[in-house]
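We begin with a single chain expressed as structure tokens, specifically the form predicted on its own.
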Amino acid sequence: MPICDYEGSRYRTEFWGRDRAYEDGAERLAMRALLPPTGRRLVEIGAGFGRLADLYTGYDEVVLLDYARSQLRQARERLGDVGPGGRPRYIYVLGDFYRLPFVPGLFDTVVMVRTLHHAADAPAVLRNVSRILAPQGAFVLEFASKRNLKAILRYLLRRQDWSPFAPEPVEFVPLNFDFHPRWVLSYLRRLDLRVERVRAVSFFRIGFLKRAVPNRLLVRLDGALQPLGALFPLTPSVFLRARAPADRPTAPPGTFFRCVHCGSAVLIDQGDRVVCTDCGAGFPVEEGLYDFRGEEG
């Protein structure tokens, strides 16, 4: 399955370092409304350079997972291994969302923001997330919505071929997908994940508005509209929180990593690599990054 790899990109400086203060502020408001403030263990899938890591200080342990070494290296340079006051402890893992290297039921909270839109097989990704959620664990998900106002207008004016009202995902450029809110909510229900709250985000993602209106005001207006817009979201971004059932298995004590080749939870950390005792696969540990992308299988 193809992976969208940000290795060597200037994502932090060229994307977030430019005209994205509004989007960052609006997304942080949504995250603060949906994210459980405290917990034992959280993982962010597609964490990149750790843009949102300052929101996770209420957790004992935070795992940042990304496919791109350069992105996680930036995250570790910014955050270190231990946060202020010794909380949280950060763990940096190279891996992909089709083969998550964690035992089932490990995480109180899973976060995935600006990541699902790169999934050619979104159902597989969502199944993997469901597997690693602890009993009553929270899944905070952001997805790019195809039923946004701009897409609707373009479709009505016959400037785009795909319908924003059709439920199936659409790949508008290679490895970039938009999802219908109804499709996402329906698939989460199939996984027995109960959607608790939804917020529509980025009402004002329009260039001239971001230039003409003070950012603080735009973010405040967006925050006021987010709960209302969730009734029938027409924004390009939708956030939600879903909850796992209470009767699912929890991770056995002392387990953490799972072999991405054979599925074994019996792995030994040798310092410079993690070795699976069942199939013998080795996973390097370099620069404080656990590499589970699987090249040494």
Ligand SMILES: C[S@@+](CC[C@H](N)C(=O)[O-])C[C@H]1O[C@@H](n2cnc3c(N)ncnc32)[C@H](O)[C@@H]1O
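Just count from 1 along the sequence shown to find any residue number. Please read all numbers here as calculations on a predicted model, not as lab measurements.
The next section is about a form of this same protein that is not shown, the form predicted together with the ligand.
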*Within 4.5 Å of the ligand in the predicted complex, heavy atoms considered, which of P169, G95, P164, P181?*
G95
_Within 4.5 Å, heavy atoms only, which of S202, N148, T109, Q71 is in contact with the ligand in the predicted complex?_
Q71
*Should the three residues L35, Y59 and I91 be counted as contacting the ligand in the predicted complex, with contact defined as a heavy atom within 4.5 Å for each?*
no
*Name the stretch: of 219 to 227, 113 to 121, 187 to 195, 151 to 159, exactly one has residues whose heavy atoms fall within 4.5 Å of the ligand in the predicted complex.*
113 to 121
_At 4.5 Å between heavy atoms, is L240 in contact with the ligand in the predicted complex?_
no
*Spell out, yes or no, whether the shortest heavy atom distance between G48 and the ligand in the predicted complex is within 4.5 Å.*
yes
*asked:* Is F256 near the ligand? Define near as a heavy atom within 4.5 Å, in the predicted complex.
replied: no
*Verify the contact flag for V43: yes if a non-hydrogen atom of it lies within 4.5 Å of a non-hydrogen atom of the ligand in the predicted complex, no if not.*
no
*Considering only 1 to 21, what residues come within 4.5 Å of the ligand in the predicted complex, judged by heavy atoms?*
I3, C4, Y6, Y11, W16
